[in-house]
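In structure tokens, the next block holds one chain alone, the form predicted alone.
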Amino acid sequence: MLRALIFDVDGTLADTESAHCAAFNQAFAEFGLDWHWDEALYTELLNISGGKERLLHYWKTTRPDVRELDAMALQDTVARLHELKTAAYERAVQDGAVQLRPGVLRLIESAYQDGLRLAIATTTSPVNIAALLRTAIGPDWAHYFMVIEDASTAQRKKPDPQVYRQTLERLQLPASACLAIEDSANGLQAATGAGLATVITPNSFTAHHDFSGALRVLPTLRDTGIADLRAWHAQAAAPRPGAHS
């Protein structure tokens, strides 16, 4: 029986990635760097979960000047860049640059009213989550979610399943009683690695990913209701014909 929905944030609840990319570029300019991430490069960099991890990966693999910094200076620089990026992203969200994806708010409200437990399992920062959902849902956005696991609580980023395992532990539910909703291959791998049946809603940055193993792949959640999720979850839990008990 379905008892909880667990949502990813970036790309799943909202099309945030264009705003994130623009915020990174603004941070680079503020810091005096001549770096620029276009959409194609950023799409590739999204294979690395976590903003700081993405910065470090890019710097180490494409910018030879990283060798000029010692480890502490490198970490400090990445941390400062990420602070500037987070501030730029917050401003963009407050200015209305990011909207919830079609059907998301209706599904959250319906699930809450239906008595399902709701949770967030993401590798983004608490500041980014609050900026997005405070603007999109309102100041009381957090009351919808029984559990929020994020970059501050799960150190190992997706595709590692840590954030989902911690979410399940705090929900005090088995994976078999929950559905994950994701948008990327890394998210799918993290969720299924924790034993979760997973519904995927790709976006323009993740449409090319391999979603083998997903319970459903949907363009949006616009036409998806709680009854649909319950039915799909029941199908996933049902024993396959010919399976031995």
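Note that the coordinates shown come from a computational prediction; the quantities given were computed from them, not determined experimentally. We number the residues from 1 along the sequence you see.
Below: the form predicted together with a small molecule, not depicted.
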Looking in the model of the complex, is the small molecule within 4.5 Å of a heavy atom from each of Y42, L46 and H82? yes
Out of 165-173, 121-129, 95-103, 69-77, where are the residues with a heavy atom within 4.5 Å of the small molecule in the model of the complex? 121-129
Contact with the small molecule in the model of the complex for G51, defined as at least one heavy atom pair within 4.5 Å: yes or no? yes
Give a yes or no for V9: in the model of the complex, does one of its heavy atoms lie within 4.5 Å of a heavy atom belonging to the small molecule? yes
Would H233 sit within 4.5 Å of the small molecule in the model of the complex, counting heavy atoms only? no
